[in-house]
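Next comes just one chain, in structure tokens: the form predicted on its own.
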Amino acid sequence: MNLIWLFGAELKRGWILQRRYVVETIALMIGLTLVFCGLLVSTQNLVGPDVQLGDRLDALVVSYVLWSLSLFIMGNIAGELQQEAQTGTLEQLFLSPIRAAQLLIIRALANLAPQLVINLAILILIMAITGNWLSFSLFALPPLITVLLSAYGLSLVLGSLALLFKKVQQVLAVFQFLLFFMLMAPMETWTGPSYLLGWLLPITPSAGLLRNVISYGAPLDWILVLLALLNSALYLGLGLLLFHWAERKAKKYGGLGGY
């Protein structure tokens, strides 16, 4: 019951923050849309203006919106911990009756609702600019859920670094490019050893399944969905283990009370 109350409180907090800083939210949406436009123009310059991207443009749109959503999620826990450390309330967070990992995950889940709305708006803007309107179905939900699980696992990994080192902005910046590669990598077209290697990467298999369903209209392979779910669960479990280890380390060396 306490967790349900906490989720409701965090959900209300998230919407209040979005409403208070609506100008920043709009600027973020416009900025991410302009970045996609730059990426699209660069791609067309590389392949030539006479080449029609077709389904590849749909795949590019899906991958880019997934990238922006994953950025929100992965920076959530690490950003919250850095903010708590800067304001001097990090130690209080870990003295709460609710475990810190649970509290941060619930906060991240509550923040997912406004983040989904923002990314939906970005997707609509991009589709309006490109003139390519994607078709969605309920079969896109299972791959999307596995993407979110992987993103939360990576968010916990970054949160572990923030808990130990407090300032990880440069690590987050480098990780943005790694994440961009993992989401843009066309794993659905790979064969042989590279295809098997792709299943070991976080998010990449789930993104490939989602592109297959939305961009190429392929039927959903439930065996591949189960494998993607296993991949996501593995990285989520790894994130939880690393976070608990970092929490013990920070408590042992007194790293919660300082900045």
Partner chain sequence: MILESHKLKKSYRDKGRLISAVHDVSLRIAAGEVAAFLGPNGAGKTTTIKIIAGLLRPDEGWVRICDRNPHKNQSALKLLGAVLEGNRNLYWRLTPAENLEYFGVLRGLSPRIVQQRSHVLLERFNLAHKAQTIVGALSRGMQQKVAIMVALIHQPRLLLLDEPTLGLDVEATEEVKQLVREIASQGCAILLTTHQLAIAEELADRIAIINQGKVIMEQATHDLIRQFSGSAYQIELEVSLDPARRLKLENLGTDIETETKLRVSNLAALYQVLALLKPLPVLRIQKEEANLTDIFLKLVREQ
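Rigid core (definition): largest C-alpha set, two forms, superposition within 1.5 Å. Residue numbers count along the first chain shown, from 1. This one's a predicted model, so the numbers in the text were calculated from it and none came from an experiment.
Missing here is the form predicted together with the partner chain; even so, the following discussion is about that form.
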* Asked: Between the options 93, 185, 172, 164, which residue brings a heavy atom to within 4.5 Å of the partner chain in the model of the complex?
  -> 93
* Asked: Which of these stretches, 176-184, 67-75, 108-116, 95-103, has heavy atoms within 4.5 Å of the partner chain in the model of the complex?
  -> 95-103
* Could you tell me if residue 22 has a non-hydrogen atom within 4.5 Å of the partner chain in the model of the complex? -> no
* Classify residue 238 as contacting or not contacting the partner chain in the model of the complex by the rule of any non-hydrogen atom within 4.5 angstroms, answering yes or no. => no
* Touches the partner chain in the model of the complex: residue 135 (any heavy atom, 4.5 Å) -> no
* Asked: Taking 4.5 angstroms as the cut-off for heavy atoms, does residue 89 touch the partner chain in the model of the complex?
  -> yes
* Heavy atom within 4.5 Å of the partner chain in the model of the complex - qualifying residues of 69-84 -> 83, 84
* Against the rigid core, is the Cα displacement of residue 248 between the shown form and the other one at least 2 Å? -> no
* Asked: Comparing between the shown form and the other one on the rigid core, is the C-alpha shift at residue 17 2 Å or larger?
  -> yes
